[in-house]
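Taking the form predicted on its own, here's one chain by itself in structure tokens.
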Amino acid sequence: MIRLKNEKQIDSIRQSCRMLSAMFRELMPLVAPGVATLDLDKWAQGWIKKAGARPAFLGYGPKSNPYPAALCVSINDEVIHGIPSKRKIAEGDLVSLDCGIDLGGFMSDQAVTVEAGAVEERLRALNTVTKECLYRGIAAAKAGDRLLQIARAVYGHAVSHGYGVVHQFCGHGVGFDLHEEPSVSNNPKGPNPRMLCGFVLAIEPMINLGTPEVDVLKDGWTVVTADRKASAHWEHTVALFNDRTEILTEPL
């Protein structure tokens, strides 16, 4: 069931989103060659706690294998859900950061891909196009239109550049819980409900340099490209109103 949000509820989600974006603005400059991804996670956990909120990702998932961190840090061929570790970022890495904040029961979700040092031009281009896909998807998210308009915008732009569009994972509703209905696909197939005023969506293109296919590693979380070529990931939380679509997580 898709749960619509009223103006007051959206304002509470907006506060969570703005807090998350503020955290990202301080976190992104810390992504550099030689930095361990675990240190980024420790920093994020400390920042969120000091701000009076809770990391939405920490402990999320099945009781048998809950997610162990506040951040997802996915490098190069890791698409999403990379678990922070002692691994150090290297010169030229593409580093995707994904995080959510639970502020008094209101959830935010945002992701960025940071270029560590000097990256290859093909990786820079992939990252640029993935970010463009995000904003094209947002522009297509309008109350009264159909949900797959978002996917058509994302998919068409990525494929025009020869990239693979991940279809096994997608965006989602967000706000009361971290993952809600509807699923927000980046591939224009599947359910196509009409978008309504009160929708709050996490739109998140995951675009690969090669094949769109992915594998999940033995840790049960880390998603990698099937051909082990690089991937990029950008995400915003947005709210739909009758007269506009608002990006709740501030642009970075």
Ligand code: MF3
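Source: prediction; values computed, not measured. When you see a residue number, it is the position in the sequence shown, counting from 1.
Omitted from view is the form predicted in complex with this ligand, to which the following refers.
- The unique member of R146, H167, H179, K131 whose heavy atoms fall within 4.5 Å of this ligand in the model of the complex: Exactly one residue meets the criterion: H179.
- Message: Residue-level question: is F199 within 4.5 Å of this ligand in the model of the complex, judged on heavy atoms?
- Response: Outside the cut-off, so no.
- Task: Indicate whether this ligand has at least one heavy atom within 4.5 Å of a heavy atom of K142 in the model of the complex.
- Result: Contact check for K142: no, nothing within 4.5 Å of this ligand in the model of the complex.
- Given that the partner is absent here, does D98 sit within 4.5 Å of this ligand in the model of the complex, heavy atoms only? Flag for D98 set to yes.
- Query: Quick one: is Y67 in contact with this ligand in the model of the complex, heavy atoms, 4.5 Å cut-off?
  - Reply: Close contact exists here: in the model of the complex, Y67 approaches this ligand to within 4.5 Å, heavy atoms only.
- Item | Residues Y135, R152 and L240 all lining this ligand in the model of the complex, heavy atom within 4.5 Å | No.
- Stretch in contact, per heavy atom within 4.5 angstroms of this ligand in the model of the complex, of 44 to 52, 57 to 65, 28 to 36, 222 to 230: After filtering at 4.5 Å, what remains is 57 to 65.
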